[in-house]
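Have a look below at one chain only, the form predicted on its own, in structure tokens format.
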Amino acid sequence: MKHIKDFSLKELEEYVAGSGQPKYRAKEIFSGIYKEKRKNFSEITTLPKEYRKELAEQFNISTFEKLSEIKSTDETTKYVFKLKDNSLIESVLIRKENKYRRKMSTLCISTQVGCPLECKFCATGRMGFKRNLATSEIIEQFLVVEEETPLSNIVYMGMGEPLLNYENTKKSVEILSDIHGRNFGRRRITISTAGIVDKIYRLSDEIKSVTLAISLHTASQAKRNKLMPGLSRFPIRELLKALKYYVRTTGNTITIEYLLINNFNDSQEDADNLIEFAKEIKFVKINLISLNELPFMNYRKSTRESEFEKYLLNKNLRATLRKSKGTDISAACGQLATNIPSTQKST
């Protein structure tokens, strides 16, 4: 059975017209699901009763079930969702206050079951790649969490590489930001990628109003090949060209994510390489991230995090040492692997 949330408004209009219904019925369906948050076709009362029954026979309106919800001591919440094929994915809700003491809630959304990139610091990569998520499965993460907590921002940086599931990622952005539905502002949406060069060019042209984050972690090609072997076909110099194209096309600031690893990418030479890379990009900021050590990895958290940050700041770069959230529930950067910690109580 098809999922109604796999359809953009335009696709829904084409389907409705082909089924002999007036075209405006598509907006009634779309608005009912995303604006009025109806969970069953029978609740969309602007539709004729018989048509509601017909839609219920042809489409699923829900894609999965919430299996677990686990809250960290720092208020971060990890959700485990069970898909129709029994695959599991995780989403993470991060709560914090901004500099104006306004409460913010950011949802990290998954786009794949597992990941094919095999990054050596990431538990998701260790799972291997299972499959891409459908558009409906990406959207449902947002809808389920937003029903409980108003969301300030969305970041496509849960499980998987969003630009390796480009079409479904793009469509999910279009659906969530559609003015006839949730109307979630694209400026509040960030797509985080490890650096899929050809798709960065497409994103720059096709969904340019979303912001972009790059998981760089080292500006040395040899080190990047070792740390992120799945990216070896996307050389750093080609990545830099794509990022400069993005900034030139959109005028947006790029965020560089840099995981600090002891005696691997945290020396002054590493900092100088990062500075050289970043200064070629017109608008850029750097998030420095503490490594979350996992049993399988050979890397350790840097002992020079503060010094590295100060060095970048002294070179007039925008750099922030970011505190990891949700580490106690395996919800922080690199920890997602569809495991429910036995020491945590699910709700």
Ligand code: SAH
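In this text, residue numbers run from 1 along the sequence as written. Computed from a predicted model, the values in this text were never measured in an experiment.
Only in words, not in the display: the form predicted together with S-adenosyl-L-homocysteine (SAH), which the text now covers.
- Shown here without its partner, the chain carries Y156, E161 and S215, all of which come within 4.5 Å of S-adenosyl-L-homocysteine (SAH) in the model of the complex through at least one heavy atom.
- Screening 294 to 302, 52 to 60, 23 to 31, 39 to 47 for residues having heavy atoms within 4.5 Å of S-adenosyl-L-homocysteine (SAH) in the model of the complex returns a single hit, 294 to 302.
- Between S-adenosyl-L-homocysteine (SAH) and the residues N265, Q141, T193, T169, the one pair within 4.5 Å by heavy atoms in the model of the complex involves T193.
- Of the listed positions (L243, L259, L274, V173), a single one reaches within 4.5 angstroms of S-adenosyl-L-homocysteine (SAH) by any non-hydrogen atom in the model of the complex, namely L259.
- Using a 4.5 angstroms limit between non-hydrogen atoms, V92 is distant from S-adenosyl-L-homocysteine (SAH) in the model of the complex.
- Heavy atoms of L133 never reach within 4.5 Å of S-adenosyl-L-homocysteine (SAH) in the model of the complex, leaving it off the interface.
- The closest non-hydrogen atom of L288 lies beyond 4.5 Å of S-adenosyl-L-homocysteine (SAH) in the model of the complex.
- Proximity of C122 to S-adenosyl-L-homocysteine (SAH) in the model of the complex: non-hydrogen atoms within 4.5 Å are present.
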